[in-house]
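Presented below, as structure tokens, is a lone chain in the form predicted on its own.
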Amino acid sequence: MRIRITYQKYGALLYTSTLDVQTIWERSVRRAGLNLQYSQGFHPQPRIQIANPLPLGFIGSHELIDIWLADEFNSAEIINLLNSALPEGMQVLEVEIIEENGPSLPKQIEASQYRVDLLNTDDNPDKISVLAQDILTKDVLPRVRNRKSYDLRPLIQALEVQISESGNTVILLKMPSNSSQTGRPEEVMAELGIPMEDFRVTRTNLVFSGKYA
């Protein structure tokens, strides 16, 4: 059976690499008493697909992973077993049983939605709103990443400034997150003049392409 897991990643696991996250899942599934399916060939690998790598230091509130199991269980059983086996900083929210041979999960993801919480209470939300609107009105936003020039503007699919219930400034972003292009929230924050130490990023959702939505 193939299951799609929605989970959170936070706390001490913020700086865990994608490879290590896959290892955590593999070990936790075994610890939970669930039997993994393995690929065929000379070097069988556990059948686990992470939807989209979460950048180091980002909180993930609704991350996705597909896992193939050799035995049949219901969703509630799997949630309870996995949450008892996963380490602090990772929690299963939902388990969906999906088509065994359906499309690859990574190929279904089109974009990511982010919530950026500003940590400096001196940041003026009105000023940030004006800067955000200025960004949205521009046709191009030339930047350099890894010594390569690129245009940030088409990577900003949505940008909104809000005030949270606690009174802090929050920036909501939607950016492409697929094999052809990837937007990075920290680049937008740099355009807004906000340093890395003054914000915290949470990926709130992974957006499926229209083909699979």
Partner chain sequence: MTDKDSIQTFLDRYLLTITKPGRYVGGEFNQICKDWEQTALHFAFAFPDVYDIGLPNLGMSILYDQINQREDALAERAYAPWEDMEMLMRSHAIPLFSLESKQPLRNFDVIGFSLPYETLYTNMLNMLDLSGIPLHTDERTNDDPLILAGGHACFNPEPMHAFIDAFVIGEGEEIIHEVAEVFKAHKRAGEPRIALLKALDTLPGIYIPSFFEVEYQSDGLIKEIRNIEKPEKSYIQKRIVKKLPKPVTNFLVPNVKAVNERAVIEIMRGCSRGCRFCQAGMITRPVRERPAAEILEALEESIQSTGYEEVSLLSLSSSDHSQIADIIPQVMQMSESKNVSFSLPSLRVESFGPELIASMQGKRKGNFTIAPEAGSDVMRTRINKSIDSQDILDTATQIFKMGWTNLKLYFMIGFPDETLEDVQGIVDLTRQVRSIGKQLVGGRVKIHISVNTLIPKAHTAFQWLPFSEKESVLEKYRLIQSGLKNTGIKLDWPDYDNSMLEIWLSRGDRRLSAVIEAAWRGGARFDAWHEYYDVNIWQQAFESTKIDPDFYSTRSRCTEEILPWDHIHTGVSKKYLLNELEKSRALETTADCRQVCHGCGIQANYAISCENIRTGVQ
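Source: prediction; values computed, not measured. Residue numbers count along the first chain shown, from 1.
If you look for the form predicted together with the partner chain, you will not find it shown, but the lines that follow are about it.
Next on the checklist: Exactly one residue in N124, Q133, N74, N120 has a non-hydrogen atom within 4.5 Å of the partner chain in the model of the complex; which is it?
Outcome noted: Of the candidates N124, Q133, N74, N120, N120 is the one lying within 4.5 Å of the partner chain in the model of the complex.
Next on the checklist: Please tell me which of A111, L105, I78, L86 lies within 4.5 Å of the partner chain in the model of the complex, judged by heavy atoms.
Outcome noted: Looking at A111, L105, I78, L86 one by one, just L86 meets the 4.5 Å heavy-atom criterion.
Checklist entry - Pick from 184 to 192, 55 to 63, 169 to 177, 153 to 161: which stretch has non-hydrogen atoms within 4.5 Å of the partner chain in the model of the complex? => result Answer to the contact question: 55 to 63.
Checklist entry - Should R47 be classed as touching the partner chain in the model of the complex when contacts are defined as heavy atoms within 4.5 Å? => result Flag for R47 set to no.
Next on the checklist: With a cut-off of 4.5 Å between heavy atoms, is T16 one of the residues that contacts the partner chain in the model of the complex?
Outcome noted: Heavy-atom contact with the partner chain at 4.5 Å: present for T16.
Next on the checklist: How about R145 - does it come within 4.5 Å of the partner chain in the model of the complex, if we only consider non-hydrogen atoms?
Outcome noted: Flag for R145 set to no.
Checklist entry - Does any residue in 26 to 51 get within 4.5 Å of the partner chain in the model of the complex, counting heavy atoms only, and if so which ones? => result Read in sequence order, the residues that approach the partner chain (within 4.5 Å, in the model of the complex) are R27, R30, R31, Y38.
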